[in-house]
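First comes one chain, alone, set out as structure tokens in the form predicted alone.
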Amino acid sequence: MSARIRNVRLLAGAGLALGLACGSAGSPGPGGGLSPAASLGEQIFKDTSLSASGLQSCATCHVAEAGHGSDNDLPAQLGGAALNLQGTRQSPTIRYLATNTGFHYDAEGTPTGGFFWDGRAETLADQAAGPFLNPLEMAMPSKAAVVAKLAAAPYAAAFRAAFGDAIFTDVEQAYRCMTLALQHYQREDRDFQPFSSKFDAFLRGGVRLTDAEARGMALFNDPQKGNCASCHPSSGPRPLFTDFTYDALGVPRNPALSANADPAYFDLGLGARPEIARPDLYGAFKVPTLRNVALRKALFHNGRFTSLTDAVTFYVQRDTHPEKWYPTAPDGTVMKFDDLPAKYHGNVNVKEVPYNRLPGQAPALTDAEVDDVVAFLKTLTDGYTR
């Protein structure tokens, strides 16, 4: 039995145990609608009372109209009791995660799966458990404090009906059922996987791409040009545009991120997890889905780019024109990969197209071709209507 299969089976077992512990509230509702648990999850997702500020909910940083990501260009969202503390990473989109797996290494040792930018959560429920207690996010002081808020919420009676009359007397169980309800909501509500973009309509044969969009798609898939599909697969009837793996891209340091005021601070991605004992992975972050990427106003884990055109151009010019993206030392040396300690620079992907270039060489894409790729990426935005 492979390590991956063991991992998946363990997760499946854990999910079953969790489901039984929190009752059968995950059964579909009347007419195939949301289950009672998912319906509760929706209310919890939008409940600002579950934050120390009383002003922040899950929906604040995962805005439906923004593809369930942030709807502003801040490098990281503000949280805390006074909403004046900045996080350290972009709020990742939580759309199209229903089929993601727990973190594991595949047969070739490639890190895959997991939730958050560093994959530290094993399930959607695990991911949902974190922000309530994160002092830089919803900043609640304890699980008991969250459960007390749940017990006072307008949906408390429905929570008891779903999980038992005594549910609020067991803090750990109530907190666990809350996260399971959020998981049900994200798995059951079609808004989290609508597949309603122009590209989906194109795959169904209902619409044609414009010339620019079609050229962009070809460049996106071409292994000698954009090569984007190598990590963001576009094939199949409902491609997710992510392979759920990790990559070190050497994204430039973002001076707008408060944590970066400390020159000794570095976000090592997978290396930020103490149990990851592979320094060759330090600096690698999760490959996000590109669905709805045109709605993002800050891109990459540190929000370094606020323009999709700049982000795509960075991919193809990072190595041919590094002076455009990185600061220059007093001696004129370009400080490439300045958001990683020098000892991890070797982890940055410099072998695959379009990164396999040297200064002075032509980028893999011209400016006009970058525009075409951006035109294609815009077809991945949900909610397309003719």
Partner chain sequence: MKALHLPLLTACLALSPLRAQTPPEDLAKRVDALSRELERVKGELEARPASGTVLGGYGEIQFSHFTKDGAKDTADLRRFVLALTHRFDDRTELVTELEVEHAVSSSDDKGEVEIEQAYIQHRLSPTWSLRGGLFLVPAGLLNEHHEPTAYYGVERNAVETAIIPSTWREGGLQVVGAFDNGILLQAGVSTGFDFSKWDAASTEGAESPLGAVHQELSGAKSHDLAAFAALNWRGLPGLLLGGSWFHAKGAQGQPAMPPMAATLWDVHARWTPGPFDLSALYARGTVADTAAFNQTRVGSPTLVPSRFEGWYGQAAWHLWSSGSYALAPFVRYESVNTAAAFEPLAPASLTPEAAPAERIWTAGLTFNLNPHVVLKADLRRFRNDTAQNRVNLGLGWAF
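Numbering follows the first chain given and starts at 1. All values reported here derive from a predicted model rather than from experimental measurement.
We do not show the form predicted in complex with the partner chain, though everything after this point is about it.
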- Query: Does at least one non-hydrogen atom of residue 190 fall within 4.5 angstroms of the partner chain in the predicted complex?
  - Reply: no
- Task: May I ask you to check whether residue 202 falls inside a 4.5 Å heavy atom distance of the partner chain in the predicted complex?
- Result: yes
- Although the partner chain is absent from this view, report whether residue 215 comes within 4.5 Å of it in the predicted complex, heavy atoms only. yes
- Message: Can you tell me if residue 243 lies within 4.5 angstroms of the partner chain in the predicted complex, counting non-hydrogen atoms only?
- Response: no
- Item | the partner chain in the predicted complex: contacting segment from 122-130, 91-99, 217-225, 144-152, heavy atom within 4.5 Å | 217-225
- Query: Which listed residue (172, 165, 211, 262) meets the criterion of a heavy atom within 4.5 Å of the partner chain in the predicted complex?
  - Reply: 211
